[in-house]
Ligand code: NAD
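One chain is shown next in structure tokens, namely the form predicted alone.
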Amino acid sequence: MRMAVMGASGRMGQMLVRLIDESDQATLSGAVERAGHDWIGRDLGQAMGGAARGVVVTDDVAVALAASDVIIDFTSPAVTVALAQAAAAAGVAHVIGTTGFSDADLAEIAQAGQTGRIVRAGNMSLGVNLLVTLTQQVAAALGADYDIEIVEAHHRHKVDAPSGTALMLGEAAAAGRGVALSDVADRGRDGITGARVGGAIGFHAIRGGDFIGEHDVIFAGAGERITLRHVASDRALFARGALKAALWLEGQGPGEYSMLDVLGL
């Protein structure tokens, strides 16, 4: 399967390149960077500090799409939304690991999914997606007598909060209770806030150091607390999940899928 990587110079981009190289089911067909980037026009292998490999980094998305079956994208919301439309028009599958989307962004991606093939996930790891499933089940079993708080920690350079994973977990908890997350989310507390609103799902974001990603879903009841937790210790797990999603998209029909679909959960 021919795979292009969007944002090839980034930590995740370079990790994806190495995993594609190691796979016997995929080959690297393109590497894309933003206009003006130092890597544009250079051989990707040499730009990464190794031997030449015959793939030249480009800022022309159309060139990469024309040579590819799928493009993997961990970039920014604006870049991803534009790419979703372009990939769908070109008949190229699109794996999205970007987070921080607005409701309008998500609507545009959903529109692209009407004709294109997309896997979009706030987190690509197997463990996190199992945690999403468990969160929904526990929320449904415990009901509104238990307060739900979601706490996440990421490195100091992360630009969006709450994390895409925290929002996935919030959506799962809300679904377990049969409510819309937008109606019950509490994403900021400061000052004299008054008592906790019944049924609210709280979010808390920690930013600092080199946290790769930690997520806790706390169910706090009278006399007991239940905590579901996932800790990422190797960023490569997200790249491995993205590669799995890219391979899974081969032969799928149009639609916007999640990692739960990819993993059969």
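Each residue number is its position in the shown sequence, starting from 1. Here the structure is a predicted model, which means the values were calculated and not measured.
Beyond what is shown, the protein has a form predicted together with this ligand; the following relates to that form.
A.B. asks: Taking any heavy atom pair closer than or equal to 4.5 Å as contact, tell me whether R34 reaches this ligand in the model of the complex.
C.D. replies: It does: once this ligand is placed as it appears in the model of the complex, R34 has a heavy atom within 4.5 Å of it.
A.B. asks: Can M6 be called a contact residue for this ligand in the model of the complex at 4.5 Å between heavy atoms?
C.D. replies: M6: yes, in contact with this ligand in the model of the complex.
A.B. asks: Is D160 close enough to touch this ligand in the model of the complex, meaning at least one heavy atom pair within 4.5 Å?
C.D. replies: Result yes; D160 sits at the interface with this ligand in the model of the complex.
A.B. asks: If we define contact as a non-hydrogen atom of the residue within 4.5 angstroms of the partner, is M124 a contact of this ligand in the model of the complex?
C.D. replies: Yes.
A.B. asks: Among 110-118, 68-76, 86-94, 180-188, which stretch has residues with heavy atoms no more than 4.5 Å from this ligand in the model of the complex?
C.D. replies: Heavy atoms within 4.5 Å of this ligand in the model of the complex occur in 68-76.
A.B. asks: Output the sequence-ordered list of residues from 95-109 with at least one heavy atom within 4.5 Å of this ligand in the model of the complex.
C.D. replies: G97, T98, T99, in sequence order.
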